[in-house]
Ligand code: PYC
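As a starting point, one isolated chain is supplied in structure tokens, in the form predicted on its own.
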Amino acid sequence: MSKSTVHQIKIVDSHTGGEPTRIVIAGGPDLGSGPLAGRREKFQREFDRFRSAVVNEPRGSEVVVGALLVEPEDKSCVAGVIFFNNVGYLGMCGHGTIGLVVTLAHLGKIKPGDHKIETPVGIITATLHPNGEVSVANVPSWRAKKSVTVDVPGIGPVTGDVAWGGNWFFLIEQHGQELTLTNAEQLTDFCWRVRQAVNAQGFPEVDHVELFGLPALPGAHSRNFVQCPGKAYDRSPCGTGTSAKLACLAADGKLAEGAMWVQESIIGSTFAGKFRWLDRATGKVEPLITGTAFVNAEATHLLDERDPFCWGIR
């Protein structure tokens, strides 16, 4: 094998509540400097095959969320990060940020305390607690539209809220679905149909669909099923989805500022969330999401240009 045809990528894998995060710590594309939103656009425009190589088969799968470590523009931040998945790019990723913080600690780059992290949608603050838990003060979140009803082909009318939690969500309480892991295939089909209808009927920006139901765990307030942009479902309770939920609860007066909300995922993992008001007039809140991640691999990936699937199966 000629070394000239092989490029090495250093990665660290972790999972947050069952949802995997793959951090690229070396070997990524040079995106230059400047605002992360612009660098994310350059990533997408010029290096999209690298994204595919990292998270798609044969090295990854549809559920893996990737994260490229970059130098932050704001030097008060410990890191800059661009999140991506099997079909594209994310503004923010809650579970991925928790995984990133645990990974940085694993690499000896940070210690317990508060740490600023720059993302394409803003700077967030993450706290690494001495017990290994991580709290993420997310970007401002809000509900954009309450009780939107869309006509879903093959299903009928479905009503939900449109909200921002770092990504755009359509959140549904009344859906008639059984939120169990054994029902994941039917839930995926339902959410995919809903998303197509939501996108076609006035909200093209929505790329996540979130269903809520009764929790199975003592102490939890709700169980969710979150479908991500690439059609995979989130194994964790979804950090940005929980943030969007908190914004809706705040707007409806159903959760007091500072009160805890425990969100359970479809596999039984949990995040603890609360919020503080930023602007009551616009409904904007700052969510604080707490969870735990575990590092489970360090690896060197090899990109061999002679491999027909070097850049992933797309």
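This structure is a prediction, so every number in the text was calculated from the model and none was measured. Each residue number is its position in the shown sequence, starting from 1.
Keep in mind that the form predicted together with the ligand is missing from the display, and what follows is about it.
S.K.: Give a yes or no on whether each residue among N167, H208 and D234 has a heavy atom within 4.5 Å of the ligand in the predicted bound form.
M.R.: The answer is yes; N167, H208 and D234 each reach the ligand.
S.K.: Just one stretch in 72 to 80, 185 to 193, 226 to 234, 108 to 116 has heavy atoms within 4.5 Å of the ligand in the predicted bound form, so which one is it?
M.R.: It is 226 to 234 that comes within 4.5 Å of the partner.
S.K.: Note which of C238, A244, L100, V136 lies within 4.5 Å of the ligand in the predicted bound form, where distance is taken over heavy atoms; exactly one does.
M.R.: None of the others qualify; the residue that does is C238.
S.K.: Which residue, L90, L104, L171, A126, is the contact with the ligand in the predicted bound form, using a 4.5 Å heavy atom cutoff?
M.R.: Checking each option against the ligand in the predicted bound form, the one that comes within 4.5 Å is L90.
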